[in-house]
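Next up is one chain by itself, shown in structure tokens, the form predicted alone.
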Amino acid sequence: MDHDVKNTVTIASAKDTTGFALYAGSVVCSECHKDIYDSAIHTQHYLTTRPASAEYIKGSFEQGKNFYAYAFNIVVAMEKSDSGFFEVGYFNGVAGISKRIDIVVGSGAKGQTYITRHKNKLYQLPVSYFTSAHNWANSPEYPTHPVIFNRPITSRCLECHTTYVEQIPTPNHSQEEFSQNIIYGIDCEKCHGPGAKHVAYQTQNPKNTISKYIINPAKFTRQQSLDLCGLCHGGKLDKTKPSFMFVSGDKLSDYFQKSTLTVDSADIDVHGNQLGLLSISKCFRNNTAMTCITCHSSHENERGNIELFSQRCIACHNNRQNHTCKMSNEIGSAIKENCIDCHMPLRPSKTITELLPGNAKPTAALIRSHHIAIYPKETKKILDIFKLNKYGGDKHGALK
């Protein structure tokens, strides 16, 4: 799409860019951008919120596998019926509370949590799903006694997990309320801006190949690009204006207090502040053009493709740039397959922790650190794996 950056900022800054009617929805986008749409719907971004259905809920509803026991006589069961999916609280075998799952939060790559609607208010439910354990778990930082079903969901939560949710004005700063008008997931219009006006214009002017009334992030400045990703991947941000007012191309500092970012990576959680970790990385500081999309394609599901990401590392770290890995001679050509485990290892999250059945302490989700650095212990692990490979193992260290 050809769109001037100056015009992009003008569109993004005009406050007629908020409102459900201004959004077209990605299904409409797919009519002209089918290949991109067909790819994007498989990304973790797109799947980060979906309406509750068997397609999206990952946990089992099979009898015997569908419950989380808080105590011998306090159980929350996951049940389904013709009217939907429910979390049902039992005390001494008697159902005392039942709440329908209305919204699924999380693609399931690490886990999922669930939201119920009561009139116009949204609440997180007590039981989540923890993917690595293939089990139901107590929701992150949720109390285990008493078991509650009413932790409020805020607009700031939704701002990072949806493209747009219409808020209903509430008096006296009471709990936030939301209409049924929701654009689930991080969809096309989260990055390209509300598209209804664009769709109307292009439909009426099909021969005009210069796109109008739409934002092209490919033409952003570095800071605009970082601000867009930083909205959700910039750590805890204290908003100074209502949620969903920020639009792609805006300055994050116009809507949130400036971050007092620590330079100690140990204080930055691997979940939710990838930008903070990236910003203290030598790669980032030495490359003034580097942004999140230098390594990530927002339109494709590349999760777990370590070799692909490694090739992107090697695009800068190579003989031509006179900047190669010091382990190249020891590891050989196989180094092209995996820079990531050495320099961006998996680390436990401090915020995404879930209490599994029978455990006394929560288990942390392992998330790849975006602090690109040298980790001697991780390097040793990788070298040991390659030594095993040399003497009869595979590239993952398993003996043949």
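Model, not experiment: these values are computed from the prediction. Numbering starts at 1 and follows the sequence shown.
Below, we refer to the form predicted in complex with ligand HEC, which is not included among the displayed structures.
Although the partner is absent here, residue 50 lies well away from ligand HEC in the model of the complex, with no heavy atom inside 4.5 Å.
In the model of the complex, ligand HEC stays beyond 4.5 Å of every heavy atom belonging to residue 320.
For the chain shown alone, residue 118 is not a contact residue for ligand HEC in the model of the complex, no non-hydrogen atom being within 4.5 angstroms. Among residues of the shown chain, residue 385 is not one whose heavy atoms approach ligand HEC to within 4.5 Å in the model of the complex. Residues with any non-hydrogen atom within 4.5 angstroms of ligand HEC in the model of the complex fall in just one of 92 to 100, 79 to 87, 223 to 231, 170 to 178: 223 to 231. Heavy atoms of no residue among 57, 71 and 122 are located within 4.5 Å of ligand HEC in the model of the complex.
When you look in the model of the complex, the only residue of 282, 134, 145, 241 with a non-hydrogen atom within 4.5 Å of ligand HEC is 282. Of the residues in 86 to 107, those that come within 4.5 Å of ligand HEC in the model of the complex through at least one heavy atom are, in sequence order, 105, 106, 107.
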